[in-house]
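Just one chain follows, in the form predicted alone, and it is written as structure tokens.
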């Protein structure tokens, strides 16, 4: 009976393991194998990887993608942190209204949101037409430019990051803040000694997810990006569309490796113990 009790949990997990192996592990293994396969000769080698790092067109696209993603992560986290602190520690009609509305962009389909942004920021869009009423001809120059992609990325990611950081801030009791104020602690001291230590892990979680979701983004750069340089998600689509499966698989592995670096940092931050946790 005791032996059966030990085996039963593994038997119950078996369907999930088989399903995960079929739809996740097997495609990853086949993708890695395909990335080394040379389309012309049918042999195996590093030609598909060299194609991206020895070709200025694609090297520029990789750095262009990383630039946009890093700016998106930094800007989204900074804005979200400030917004979350405002929503948590401010009790005004404006903060309560913003607390109800900031999550709404998450419920708007991506294609609808991107199309709406295009109609606003393009050279013949809403902002330009309003400026013409006042005698100006304002061109934002955001379409087919990295600025437009970053702006759209912030639209998608600020509500997500704010929601995660707000959840961490909600665990801070008002009594803890008041106790620090009672000993004449400044706002800076309250932030650095109380708020930041209790929320920085959630910040890294949000940053990791923002990085991984944008490193492979397709919809926004495809509709709003330039023809050169292209983000890696659009390049991947072009490669598949032109039947370059080996190169597409290699680019997928490169994108996976970038995401793995971000994930590794996230795992390290969450596994390390803070000073106040040591000895517990």
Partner chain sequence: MTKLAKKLIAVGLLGGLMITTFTGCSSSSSSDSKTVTIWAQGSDNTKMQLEAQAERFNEIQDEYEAKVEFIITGTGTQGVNERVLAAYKAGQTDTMYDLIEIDDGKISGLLAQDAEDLFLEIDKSQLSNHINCRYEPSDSAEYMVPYRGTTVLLAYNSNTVPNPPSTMDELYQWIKDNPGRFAYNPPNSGGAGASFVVATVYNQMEESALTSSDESNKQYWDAGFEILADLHPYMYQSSGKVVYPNKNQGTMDILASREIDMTPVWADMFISQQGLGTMPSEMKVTQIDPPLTGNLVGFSIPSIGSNSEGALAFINYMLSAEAQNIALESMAALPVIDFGLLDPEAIKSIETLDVKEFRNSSLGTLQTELYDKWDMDIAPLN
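None of these values were measured; they are calculated from a predicted model. Numbering follows the first chain given and starts at 1. Here, rigid core means the biggest group of C-alpha atoms that superpose within 1.5 Å across both forms.
A second form of this protein, the form predicted in complex with the partner chain, is not displayed here; the remarks below concern that form.
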Pick from 63, 26, 245, 46: which residue has any heavy atom within 4.5 angstroms of the partner chain in the model of the complex? 245
Could you tell me if all three of 57, 230 and 241 have a heavy atom no more than 4.5 Å from the partner chain in the model of the complex? yes
One stretch from 250 to 258, 209 to 217, 49 to 57, 28 to 36 that, in the model of the complex, holds residues within 4.5 Å of the partner chain by heavy atom: 49 to 57
Would you please decide whether residue 141 lies within 4.5 angstroms of the partner chain in the model of the complex, comparing each non-hydrogen atom pair? yes
Is there a non-hydrogen atom of residue 88 within 4.5 angstroms of a non-hydrogen atom of the partner chain in the model of the complex? no
Is the gap between residue 124 and the partner chain in the model of the complex 4.5 Å or less for some heavy atom pair? yes
With a cut-off of 4.5 Å between heavy atoms, is residue 271 one of the residues that contacts the partner chain in the model of the complex? no
Is residue 11 one of the residues whose Cα moves 2 Å or more between the shown form and the other one, with the core superposed? yes
